[in-house]
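In the form predicted alone, a lone chain appears below as structure tokens.
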């Protein structure tokens, strides 16, 4: 199963991705956490994983990747790289890093230098990578997406089985939720939402603002998680709310049932 975690900047996509990845591991699943955000650099700290070789760098960087794409397309292969199917075990091992608990992580690519140009090659690589990747029984790929909806426009979400929107208590977050829902419906993709940074007094208000959208859980505002994120440390706390969200995802949307 491939899940794209989406939302506005600062809503807690990375935090939720790590919490869900650990919960999935506890439920007996193999989990590949994919850093699909070319700008954010904190996911490996939260996961407690030493950053692996970026997939784009493994392929020679942006310039070489573009040349490879042009070459494969000129050779009569319009799908380009990753046109064949592959499993997690087929991925280059240099690009996979593991935590002590067995959680695995892959980074698509990052902006490294001033003036190096747009992040479009990362988007192309993400789409091709996800479209070719097949998950087996008891395997989950969690993609921590870039902020906003550009990855919707690039068609990356079309390669995932479920879009998981993260909503924090801001007006912008609810506006973006509506836009994500509209785009998901047009793409015939399943989408559901998790409320984040929730306090008891506002949970019902947040649900009301989402209207008929499917809300599968709420993550409470937690000072210890905030401090670990602020200091760039590994997230150590586990939450029963994250466990329950994973059960709902796997029960309602997974290919196998708990």
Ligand SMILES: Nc1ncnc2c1ncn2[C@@H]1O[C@H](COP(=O)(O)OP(=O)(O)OP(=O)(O)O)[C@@H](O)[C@H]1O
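In this text the structure is predicted, and so the values were computed from the model without any measurement. Numbering follows the first chain given and starts at 1.
The same protein also exists as the form predicted in complex with this ligand; that form is not shown, yet it is the one meant from here on.
Chemist: State the residue from 147, 183, 111, 120 whose non-hydrogen atoms include one within 4.5 Å of this ligand in the predicted complex.
Modeler: Here the answer is residue option 147.
Chemist: Scan 197, 62, 54, 209 and let me know which has any heavy atom within 4.5 Å of this ligand in the predicted complex.
Modeler: Checked against the cut-off, the match is 197.
Chemist: I'd like to check something about residue 14: if you look in the predicted complex, is any of its heavy atoms closer than or equal to 4.5 Å to a heavy atom of this ligand?
Modeler: The answer is yes: residue 14 has a heavy atom within 4.5 Å of this ligand.
Chemist: With the partner left out here, check for me: in the predicted complex, does some heavy atom of residue 45 sit within 4.5 Å of this ligand?
Modeler: Residue 45 lies outside the contact set for this ligand.
Chemist: In the predicted complex, does residue 214 come within 4.5 Å of this ligand, counting heavy atoms only?
Modeler: No.
Chemist: State yes or no: in the predicted complex, is some non-hydrogen atom of residue 221 no more than 4.5 angstroms from a non-hydrogen atom of this ligand?
Modeler: Within the cut-off, so yes.
Chemist: Only one of 24-32, 224-232, 54-62, 186-194 gets a heavy atom within 4.5 Å of this ligand in the predicted complex; which is it?
Modeler: Heavy atoms within 4.5 Å of this ligand in the predicted complex occur in 224-232.
Chemist: Even though the chain is shown alone, can you say which residues of 30-50 have a heavy atom within 4.5 Å of this ligand in the predicted complex?
Modeler: Read in sequence order, the residues that approach this ligand (within 4.5 Å, in the predicted complex) are 37, 40, 46.
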